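One chain comes next, on its own, written as structure tokens: the form predicted on its own.
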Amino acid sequence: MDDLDGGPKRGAPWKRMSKEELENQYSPSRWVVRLGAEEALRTYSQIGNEATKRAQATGRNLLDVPYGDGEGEKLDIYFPEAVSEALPFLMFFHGGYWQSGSKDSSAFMVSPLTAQGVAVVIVAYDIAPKGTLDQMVDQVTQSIVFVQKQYPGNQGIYLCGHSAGAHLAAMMLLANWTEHGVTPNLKGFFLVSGIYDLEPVMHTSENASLLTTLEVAQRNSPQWHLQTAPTQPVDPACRILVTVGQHDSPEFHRQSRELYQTLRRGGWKASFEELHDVDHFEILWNLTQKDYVLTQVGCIPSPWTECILL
């Protein structure tokens, strides 16, 4: 049973782990179940490249649209056949431990969603070491502001991120939109196998490029902020789906479940879903399939169904 009434958990399990165990827990490629680590990463990248090429070949898109002044501040917009400003927009933020990945190989869910009348936006951001975590969060914020201003009549903006992208999407729960002169029409968050407390990452090899200090880690940890200074939902109807793969590591499971519990305590309309028989990367491979649980909009359990198109 979920512990929704208790306060933040003390003595997090990761603090009792050795450096080797922490490294293992926060290395998703070590938990793949059907492929070797290198083969999984290679296959994941290839599928992303092929899905993106197919989406670009339709011609129903705007590519490399600048949402800011920086060289890396670009996004791609993929439209359904019936183009209208009054569309739901799903914005996707890729993973890669904030150090790899690209919008140019991340259009996994474009074909299944545009077929159902959803416009899909794939966002680029400056990965480390060029970009800092603070910059990445700011860039994601800018990209959302841009879409809202360009399409003010949208039927809702839905944020979806995988792994590091889920972290960046979750940081938008804390955004002060008044500073940007527009309040985006956010209707839903889909957080897929993310990391929401960055402090454990400081003690792994992934920190080498991020150069994370405790201050930076806490400033960019939605779990830490939501526990210490809860942010109330701007729109009580906004829904959040926190998902994790069955074969993700125990630490990824813990982080996802604790974020969900914290959101529930804070009054957010949050749901939690463990995706059956998939690992960290297979979730994304399956996003290319029209009959997958996260892309079959008309059949997806609440809250996705209630967020998009309904």
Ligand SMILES: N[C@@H](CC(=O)c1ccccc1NC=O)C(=O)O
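Quantities reported herein were computed from a predicted structural model and do not represent experimental measurements. Residue numbers here begin at 1 and follow the sequence given.
Absent from the display: the form predicted together with this ligand. The rest refers to it.
- Annotation: pocket open; no atom of this ligand, superposed via site C-alphas from its pose in the predicted complex, falls within 2.4 angstroms of a backbone or C-beta atom.
- With a 4.5 Å cutoff on heavy atoms, Tyr44 counts as touching this ligand in the predicted complex.
- At a distance threshold of 4.5 angstroms between non-hydrogen atoms, Tyr151 is out of contact with this ligand in the predicted complex.
- In the predicted complex, this ligand lies within 4.5 Å of some heavy atom of Ser163.
- This ligand in the predicted complex is not approached by Asn49, whose heavy atoms all lie more than 4.5 angstroms from it.
- Think of it this way: in the predicted complex, this ligand has a heavy atom of just one of Pro88, Gly95, Pro184, Pro222 within 4.5 Å, and the residue is Gly95.
- Residue Glu206 is the only one of Asp138, Asp104, Asp126, Glu206 with a heavy atom lying within 4.5 Å of this ligand in the predicted complex.
- This chain is displayed without this ligand, yet in the predicted complex the stretch 155-163 from 155-163, 128-136, 75-83, 115-123 comes within 4.5 Å of it by heavy atoms.
- Residues His280, Phe281 of 262-284 are found to place at least one heavy atom within 4.5 Å of this ligand in the predicted complex.
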